[in-house]
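Encoded as structure tokens, the following chain is the form predicted on its own, with no partner shown.
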Amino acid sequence: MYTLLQPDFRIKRDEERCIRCGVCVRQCAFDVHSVDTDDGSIRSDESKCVACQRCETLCPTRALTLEENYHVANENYNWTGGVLKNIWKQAETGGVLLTGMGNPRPYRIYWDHLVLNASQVTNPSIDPLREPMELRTYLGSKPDSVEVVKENGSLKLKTKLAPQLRLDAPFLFSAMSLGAIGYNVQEAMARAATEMGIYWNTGEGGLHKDLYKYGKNTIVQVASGRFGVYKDYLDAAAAVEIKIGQGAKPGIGGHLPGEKVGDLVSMTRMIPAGTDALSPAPHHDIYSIEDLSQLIYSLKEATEYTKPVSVKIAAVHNVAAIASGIVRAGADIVAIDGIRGGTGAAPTMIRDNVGIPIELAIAAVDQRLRDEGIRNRASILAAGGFRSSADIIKAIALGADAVYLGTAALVAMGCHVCQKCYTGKCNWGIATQDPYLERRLNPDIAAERLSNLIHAWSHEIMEMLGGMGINAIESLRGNRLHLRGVGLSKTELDILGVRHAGAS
């Protein structure tokens, strides 16, 4: 069958610079480059290129340049080149379009339309280099009030607190399962989380035995497939998260192809090697808030009420009401994943068209829980495309307690966002189970890069807090008076609960 598809990218090779060393041939898992057996020259099949930039980056003579291939088509505002390509592709394959990473569509990014307040004359700023700043955050259910007693001349807390997660900075590494990513990536996240006093999430693929030693900084997931879930798994962790949904594919289950289920994944997920790992869209024991409550308390019983239980949901139109039910069901943490959340694999149409932005979800949930007088009963974790420390501090001002970092963490380790995670051929050794490719990611270097990122963002947050005249992150949570909107409609401002810039 003939094809109407043109390559997405063009590869320019400077023949004067190319020394035919073969680095590009060896480094490309997509077999873009090959050696011509007749004359020894190197050829490139542009139709296979995903622009991961591995060959361009590692070429010792800088002989390669990748460019987006803009080809003339009878496109218009409605029938864009991307739309035409998708139709041609499905007409040729008859299959569902798959993709990885987060939503690339130009939906409004509200972080870019929110600005922060700063102290001036009457409320002096704080210098974080000379004065103490507190980024410590505790995740978990808080009591309505506390009682203290005086013993031996000092005050002691009499009220018994629910189990809490102590974070030295308001970040966590988001749920990414073994299978979707490689073992080295999980080890790097676990080591960086331990070093920086934060947490990482196993995702729904179980926890490898060698990573149990990082359990004090580990959150384990219980998803619909129940992969790798047993007593030791729950006991090893600091917290347990029930995964109902995720931002990249709300209402959709998971599917790890059998070719990615090698011995390591098989042992960790407790399924036969080479078999597909299917997570049903619904939990077949949860069809009501009462069912969810039963699972929450079953997990609390199983862990002897020593660990907080989180429930992760996608940000959808009625997210505030859902979150209210989750808190009343007994969850200690509500994790919300917005429409820009990343994924290893998802149907393209689902990723790009289902859900709502995390900014609107945070504000709606925080306000709903406050209105109902139950905001203290659960912490709010936000996820879905956080790109910088500025995004994070704005999320906390909107009402989040802390945020999950997924794509940002992968980018810090070397991800180039080529959106081909589902193929298992990640040239940077991140989203792959291929032993040859996995070795390209050194966990020592990756852990150091993650720690550097957390350190840098923590310092920037302290600088911004100091500029506001605030010395503790807790004082900013839900304090929307420190935010102002720019270029937003009245409806958007009302949902976010912020005033327009210039308003007193």
Partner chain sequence: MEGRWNRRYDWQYDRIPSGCGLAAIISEAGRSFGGEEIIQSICVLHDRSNGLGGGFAGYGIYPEKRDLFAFHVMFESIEAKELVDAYFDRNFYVEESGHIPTRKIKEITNAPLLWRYFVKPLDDSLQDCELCEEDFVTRSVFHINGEIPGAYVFSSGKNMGAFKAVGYPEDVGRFYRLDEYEGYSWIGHGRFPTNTPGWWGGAHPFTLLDWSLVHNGEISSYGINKRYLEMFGYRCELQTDTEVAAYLFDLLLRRHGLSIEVACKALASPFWSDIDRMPEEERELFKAIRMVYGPALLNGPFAIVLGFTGGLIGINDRVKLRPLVAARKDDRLYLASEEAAIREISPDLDVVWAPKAGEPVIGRVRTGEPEVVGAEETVA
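As the structure is a computational prediction, the values presented were derived from the model and not from experiment. Numbering follows the first chain given and starts at 1.
From this point on, the text means the form predicted in complex with the partner chain, which you will not see here.
89, 136, 425, 255 - the one with a heavy atom within 4.5 Å of the partner chain in the predicted bound form: Going through each option in turn, the one that passes is 136.
Residue (of 294, 303, 348, 376) lying close to the partner chain in the predicted bound form, criterion heavy atoms within 4.5 Å: Exactly one residue meets the criterion: 376.
Heavy atom of residue 142 within 4.5 Å of the partner chain in the predicted bound form: Close contact exists here: in the predicted bound form, residue 142 approaches the partner chain to within 4.5 Å, heavy atoms only.
Touches the partner chain in the predicted bound form: residue 503 (any heavy atom, 4.5 Å): Residue-level check for residue 503: yes, a contact with the partner chain.
Non-hydrogen atom contact residue 468 with the partner chain in the predicted bound form at 4.5 angstroms: The answer is yes: residue 468 has a heavy atom within 4.5 Å of the partner chain.
is_contact(residue 370, the partner chain) in the predicted bound form, heavy atom dist at most 4.5 Å: Within the cut-off, so yes.
All of 148, 156 and 482 with a heavy atom within 4.5 Å of the partner chain in the predicted bound form: So, yes: the whole triplet contacts the partner chain.
Per-stretch contact check against the partner chain in the predicted bound form, the hit in 77 to 85, 361 to 369, 101 to 109, 208 to 216 (non-hydrogen atom, 4.5 angstroms): Stretch 361 to 369 is the one.
Those residues of 393 to 420 which, in the predicted bound form, come within 4.5 Å of the partner chain by heavy atom: The stretch 393 to 420, when checked against the partner chain in the predicted bound form, contributes only 398 at the 4.5 Å heavy-atom cut-off.
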